[in-house]
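The form predicted alone is given below as one chain in structure tokens.
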């Protein structure tokens, strides 16, 4: 009986320690952001209007549905802000990357982190590294194209010669025919429309756009893990240059990265929801 009571006491102590550590972490995050947001006690987050699938579902970021909407709330929570203390606003992409005062604490709408942009705005640690994805037409799937290396070898490829995707096709897929080279993505898509090629390789956000908007019968066949790409395009939360919140936002992004929260959000919204499987 005493042994059971001893074990029970140890379990309770462990639970208390866990709760205390979590509370301490939340307090630290809240302390980090205290007095640094635009509105006291409120985190103001911006995105585009309209905001598109799968980044935001039904153009309603406050629902938390969609990859970037879910990321925003996960970051807010780690910074000590409940959902009720998050306010959304809209800002155009082009306006947001210009220098000057911002009317948001941070903004997320697929902003690629670049050296040029970092001269006039601040970015958080990356919350997304865009993997390369394969775009085909519905007819290719009907003819047997599948998200496997073996299947991809048999396709006729077209590629923008200015990207690193050519090396990935040659080294990872090693197709049976030499890829055809084009000078930009639009010409790759036009070649696909003309049945000159079966497939093209783009980063996943571009492939989703081209497959959903430009090609009437476009299908994003599959995606490679981001670590298979030498220089993946990385997205960051955008803030005003010199933002006092940057360290807090970085800490929150790293926190959801390290404990697997970010990976789970990505799997839900950029694999399961889009139906774009990993290529095997």
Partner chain sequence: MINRSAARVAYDKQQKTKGAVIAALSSLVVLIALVVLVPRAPGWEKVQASFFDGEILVSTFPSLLKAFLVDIAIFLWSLPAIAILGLLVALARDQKSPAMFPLRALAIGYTDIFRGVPVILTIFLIGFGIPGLGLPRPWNSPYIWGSVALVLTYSAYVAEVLRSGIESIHESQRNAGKSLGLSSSDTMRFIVLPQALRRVVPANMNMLVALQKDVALLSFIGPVEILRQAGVHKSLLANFTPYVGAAIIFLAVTIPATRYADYLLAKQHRERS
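Whichever C-alpha set is largest while still superposing within 1.5 Å between the two forms counts as the rigid core. Numbering follows the first chain given and starts at 1. Please read all numbers here as calculations on a predicted model, not as lab measurements.
Heads up, the form predicted in complex with the partner chain isn't pictured, but that's what we're talking about next.
- Heavy atoms within 4.5 Å of the partner chain in the predicted bound form are found in one stretch of 74-82, 144-152, 92-100, 201-209, which is 92-100.
- At a distance threshold of 4.5 angstroms between non-hydrogen atoms, residue 191 is in contact with the partner chain in the predicted bound form.
- Not displayed here, the partner chain is approached by residue 195 to within 4.5 Å at the level of heavy atoms in the predicted bound form.
- Contact annotation for residue 126: none of its heavy atoms lies within 4.5 Å of the partner chain in the predicted bound form.
- Heavy atoms of residue 162 reach within 4.5 Å of the partner chain in the predicted bound form, making it an interface residue.
- In the predicted bound form, no residue of the candidate spot (51, 61 and 67) has a heavy atom lying within 4.5 Å of the partner chain.
- Contact residues in stretch 173-192 (any heavy atom within 4.5 Å of the partner chain, taken in the predicted bound form) are 179, 180, 181, 182, 183, 187, 190, 191.
- Core-superposed comparison between the shown form and the other one: the Cα of residue 190 travels 2 Å or more.
- Put the two forms on the same core and the Cα of residue 156 is off by 2 Å or more between the shown form and the other one.
- With a cut-off of 2 Å and the rigid core superposed, residue 199 has a Cα displacement that reaches or exceeds the cut-off between the shown form and the other one.
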